[in-house]
Each structure stands twice: as structure tokens, then as C-alpha cells.
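Take a look at this single chain, the form predicted on its own, given in C-alpha cells.
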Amino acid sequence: MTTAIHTELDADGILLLTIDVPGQSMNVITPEVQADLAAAIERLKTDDAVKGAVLTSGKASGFMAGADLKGMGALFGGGAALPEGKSKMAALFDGVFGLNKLLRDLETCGKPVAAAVNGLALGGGLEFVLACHYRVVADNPKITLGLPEIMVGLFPGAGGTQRLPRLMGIQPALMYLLQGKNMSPQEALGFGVVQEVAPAADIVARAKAWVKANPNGGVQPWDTKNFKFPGGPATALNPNFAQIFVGGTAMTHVNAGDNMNAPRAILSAVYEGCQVPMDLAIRIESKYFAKVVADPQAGNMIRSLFVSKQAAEKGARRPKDVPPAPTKKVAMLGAGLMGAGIAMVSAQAGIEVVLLDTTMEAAEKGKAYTADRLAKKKMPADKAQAILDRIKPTTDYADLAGCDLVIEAVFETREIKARVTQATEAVLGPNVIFGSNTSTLPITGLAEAWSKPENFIGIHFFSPVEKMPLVEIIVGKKTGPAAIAKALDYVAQIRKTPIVVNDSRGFYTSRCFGTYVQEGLALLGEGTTPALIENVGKQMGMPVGPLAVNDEVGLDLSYKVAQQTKADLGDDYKGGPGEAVIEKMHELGRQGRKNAKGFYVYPEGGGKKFLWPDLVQTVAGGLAASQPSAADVKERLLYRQLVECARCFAEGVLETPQDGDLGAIFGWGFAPFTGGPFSHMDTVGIANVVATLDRLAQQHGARFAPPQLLRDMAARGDSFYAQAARRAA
């Protein structure tokens, strides 16, 4: 009896296979799906009454989203005992080859099989489609077809690296495989990935019509004697074939460095697999897939970039006993870069926005930010106008009446923030939830300006707001559950990914990201070659080098934050080794990109920026006689971040490693291939992390000293995610 694929045989002998996985909003590949498909294939082979089949979906949400990543734990080293006589890798190969072999059985069953694709088909879902002999897709430009596995550290492991190049050609296929790009139905038709695009109501009938008209159509092109690859033969003797992989290898190195396993595996699987028959090709693909799966990298990336991300977006940290609290009208205090961006994403989500600033010119400029961005997106005029109509610029606090959420994004000084907070409460009263977008100032202190601090919370966005996916929710000492729920509901409305952290100076993201920048400044102050610092930063997986990111944020802001911190902490303030560099740049009036001079020089007319030639001489008195190795620079930049992340956990700023990994990857671009700092520390081993930090502390100072938490974990052989699992049990 089928549970995930329902079967229906019509009068023409065509078996309709409708995938409808119970308990899932979207079809995913589960053991039940595989078992049902295997049974259907056997029926196709043995039942003479069945002339062919059509594969479709019973869900309005789409065709299939691919493998159930949440259920892939057994593939990543967990679970069952090894079969007798099998090595771990051999058993892993057998596990990953099962689906690949199943889809090969489908396309060699001897009878025509067509796919009727009613919605998105991604990953394994598209691989199901590619294994069919004929493919009809609904005519809807919103439908996406693609193999995005590389985005979570995997690659297509059910024939995708072999069938896609045979359909569209090796070079275009590699572009889609290596970038995880999606294609529309019309693009898929143009590439020959599908054979027909039809109205959604007709796709099953069109697929059945093809099956009926092609009783001998159950043979794939690549299984025929005279098959040729689009774009030329796949042989090392073809200079174009070799050139594709020379260029592909170079591009992959530029885009992913040497950090990612999956891109190299894709290149190898395509190169080798395209030169042999399909039965051997899919075994080659599964060999490389097993190697990728066996490395912790894939498991770490899937956990952080998919499982933890989805859980956060579905409200994993939301107080369960607080009723839904959607935002209808938000008061946006401050129309600068951050305020304008927050206003934009709010209005796009259907929320009314009152955008307040000190002058009408500034408020109007904030609204114009949305108009400019929408114009660049070439949004239809009526839709753009509807969004703009939701934003009301003002200078009058009285216009805030009726707002049910406040977000403040004014200058990063305690006095100014207190003034606007009190002026807002005078209009709205203290029962409205007030969120501050501060990036460094403790929420508990800012909440003193709001008479009900339980309704005061941090809602920290990242710049540019419309592009950055993360929002950091900061809980002050007196913040109540209603404020947390309101903030998380708002973040869900604007379709961002939230993390929840407890209050501290710099919270989690700003505090830990700052260490990457500060260690870069420390290296610079020691006379290290600036290009070495910058290049190593990028090579280790960070989006940009520490000097470049400081220029983007603004050296004047770094200086102001340091001065505010000094004023707040008084005698308890401890300056970092890179502080003198910022002070010197401040004296020179070098503010970064904003005034076209910082660590980099920004030529007039938009020329390519370059490192200021006098930089090292000015801030360090010249290059050091002995330069550190690239490995030494990488270790310092990496472990300075790791130890600060661990301190945040030890101090209770972070409550879960999931929040820590999500915040690092999506907040400051911490090397995604690691799965985040906590996944990385678990993978390296806490004892090894402690040993490295002890050595660095001895060489470079107490900023590298590991917290007692790490020492205790190392002593008992523990890990962050093992602790989290015990708490959840």
C-alpha cells in the first residue's frame, strides 16, 4: 500500500504517479517516497497492462523540494552499525548510491515515463524530473527549477551532475551546478532541460498524450548509440572540453578559494562522469558525493544554513504563551541609511511606516531611498507606488499616534537616543513595544529612558538592510516576553532570519565581528604588510579583509564607539592593540569610503580602490623586519573571533550554539563553509581549540585567553552541540 506516491491507472494503461508526502507542506524525498517509487518501477517493468507512467505532485506548493535534509543525519556518521565486511566509506557509498540507482532504474524500465511539473522542482526534486524521458512544466514564471545543493555544502547526488550536462551542455550546466542557480520554465525550455511548457491545468494531459504517442519512448538520449553532448564531445581530446575545466577550476578557486569541498567534487564528477556511460557515471557521482558527505563540512553547513535557519524563521526562540502580535504600523525614528532601509523592508511587507527625522528634508530623503531602490529593481510603477504610499515622512512626534511598534535608529550616543525615546513615549505611552537598532550600546541602559523597560528591546539590523538577512534581537535585563514575541513576529513579517541574544556591550554580532577588525588593526600596527592582512582575510572565507570592512563601516564610527565605551566604562576600560591605529587615522581625517580616504584610497570618478601607499609608514613606522606567514595571520584572525564567541556563550550572551552560528554567518559573513564558529570549534575539537588559544595568548596577549567554559568542556571531551542536544532532550 502506497503512503507517499498514489497510483492511478487510466483506460490507456498510463499509470499516474502522484507524489504527496503525508505531514509535509512540500514534497521531500523520504524513505517512503523511495519505497513507493521502487514499487512503481517494478510494476512498470512487470505489468503488461501498464504502458507507461506520468510522475506529478499532489501538492499545490510545488513538485518537490529535494531531499529531507532534516532526516539526513544517518548519512553524516550517525546511527546504524556497519554491515559485516563493509568499511565506513563503503557503507556510506551504498547509502548514497541507493537513490541514484533508483532513478537509473526508472529511466531504464523500458517504458515511457513523463514528468508533469506543477511547481518548483529543486535539488533531488529536479533530479526526479531529469530521470523522466519527457518533461512538461507549468507555464508560470514564478516556478523555479534548479540544483542548489552547493549552497548547503552538498552537490546533486542523484544523477544531477550527469544528466544536466547531457541535456544542456557541459559549460552551461557547470554554471548552474557551481553557483546553485535556478532557472525559469522558459529558460529550462530554451536549454533543452524540459521539452514543453504548458498551462498548469493541462500539464498532466500533455504528459499523458506524449506517453500514449510514444510507446517506444522509454529510452534516454544518452542511452542511444549516436548520442552527442550539446556543445561538443566530452573527451579529453576535445580542446574545448579541456578548456571548460581549466576555466571552471580557476573560477571556482576565485569564488570559493580552497575552502569548499563541494565545488571541487562537482568539477571532478562532471569531468570524469561525462566521459563514460551513464551506469558508470552515476557511480562516479556517488563516489564523490560520499566523500563530501563523509567530511563534517557538509553536516555543519546543512545544520546551520538549513535546519537552524528554518527553525529560527519559524519561531524557535519565540515565547510560546504569547498570542501573535503582528505589526500594522511602525514608528521609524531616524531616516538615515539604517532607518531608510528599515522603512523600506517594512513597507514592502505591507506595514505602514511613519518615518521621523529632525528635518523634513532628511525625512523625505529617507523615503526617496525606497523610491530609488525600487526603481533600480525595475518594479512596476503601480506596485512601487503602493509601497511608497505606506511611508509617511514627518518631523512631528504627534504623527506617531497609532503606531504599534517603535524602532529607533538615531545617532549612536546615549543622550540623543534617550531624548527621542522620551519624546516618543509622550505620544504613544509606555505600553507600545520600543525597539532600538543600536549596534553597541547596552539595551538595559537605553531602556532607562522608557518608563516600562519590560517593553524595551534591541532590534539590530545590518547594512544594507534590504540585502542583509539577519536581525539580532537583544533582550535587556528587564525585557519581557511580550516584547520578544512582538520583535520576532515583526522579523517574520519582513522575512528576515532572527537570532535572540542577551544584553552586553556590542551584544553578540558587533562584539565578535569587531574582533576580526581589531586583530587586523593589531597586525597592521605591528608593521604587517596590509595586502597580506587583506588577502588572508578573504582567503579564510570572510567577505572582505578587516581593513576594507573598517573603511566601509567608517573609521570615524569606530573612533566614536571607542570614545563612548571609554566614557561608559571609565577605569574599567581596556584598550585593544589596534586602537592607536584608529586614533592616528582619526587625527588625519581619514574616515574611510565616506570621504574617499581611509586604509584605502578611492579615486575620483569611481576608479578601483587601492591600499593607501603610506599606510604602514604612517601608523606603524614602516614594515616589520620579520613578517608573519599567511598561516599565522589566518590563525590570529580566526581564533580571535572564536574565543570571543566562546566568551559570549560563557557569559550567557548566547544561549544556543545555533544562534551563535546563524548570527556569525548571516550577520558578519563568518566563513559559511565551517557552519559557523561553534560548529567549527566542535569539528576541530575543544581541546585543540584551547591548546591553540593558550599558545596565542602566550605569544600575543590575554585577548586570546580561553574562558574557563572551554577548559571545562575540553576536560570532559564535550562539544557545544552535544550540550545543546542534552538540553533539548
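Just so we're clear, the structure is a prediction, and the values are computed from it rather than from any experiment. Here, rigid core means the biggest group of C-alpha atoms that superpose within 1.5 Å across both forms. Note that residue numbering begins at 1 and tracks the sequence as displayed.
Form predicted in complex with a small molecule: not shown, discussed below.
Student: Only one of 460 to 468, 134 to 142, 536 to 544, 490 to 498 has heavy atoms within 4.5 Å of the small molecule in the model of the complex; I'd like to know which.
Tutor: It is the stretch 460 to 468.
Student: Within 4.5 Å of the small molecule in the model of the complex, heavy atoms considered, which of Thr224, Gln385, Thr358, Ser87?
Tutor: Only one option qualifies, and that one is Thr358.
Student: What is the one choice in Leu267, Ile284, Leu428, Val410 with a heavy atom within 4.5 Å of the small molecule in the model of the complex?
Tutor: Filtering the options by heavy-atom distance leaves Val410.
Student: Does the small molecule come within 4.5 Å of any heavy atom of Asn118 in the model of the complex?
Tutor: No, no contact at 4.5 Å.
Student: Please determine whether Cys274 contacts the small molecule in the model of the complex, using a 4.5 Å cut-off between heavy atoms.
Tutor: Result no; Cys274 lies far from the small molecule in the model of the complex.
Student: When the contact criterion is heavy atoms within 4.5 Å, does Leu126 count as touching the small molecule in the model of the complex?
Tutor: Contact with the small molecule, no.
Student: Could you tell me if Gly95 has a non-hydrogen atom within 4.5 Å of the small molecule in the model of the complex?
Tutor: No, no contact at 4.5 Å.
Student: Is Glu361 one of the residues whose C-alpha moves 2 Å or more between this form and the one not shown after the core fit?
Tutor: Yes, the C-alpha position differs by at least 2 Å between this form and the one not shown.
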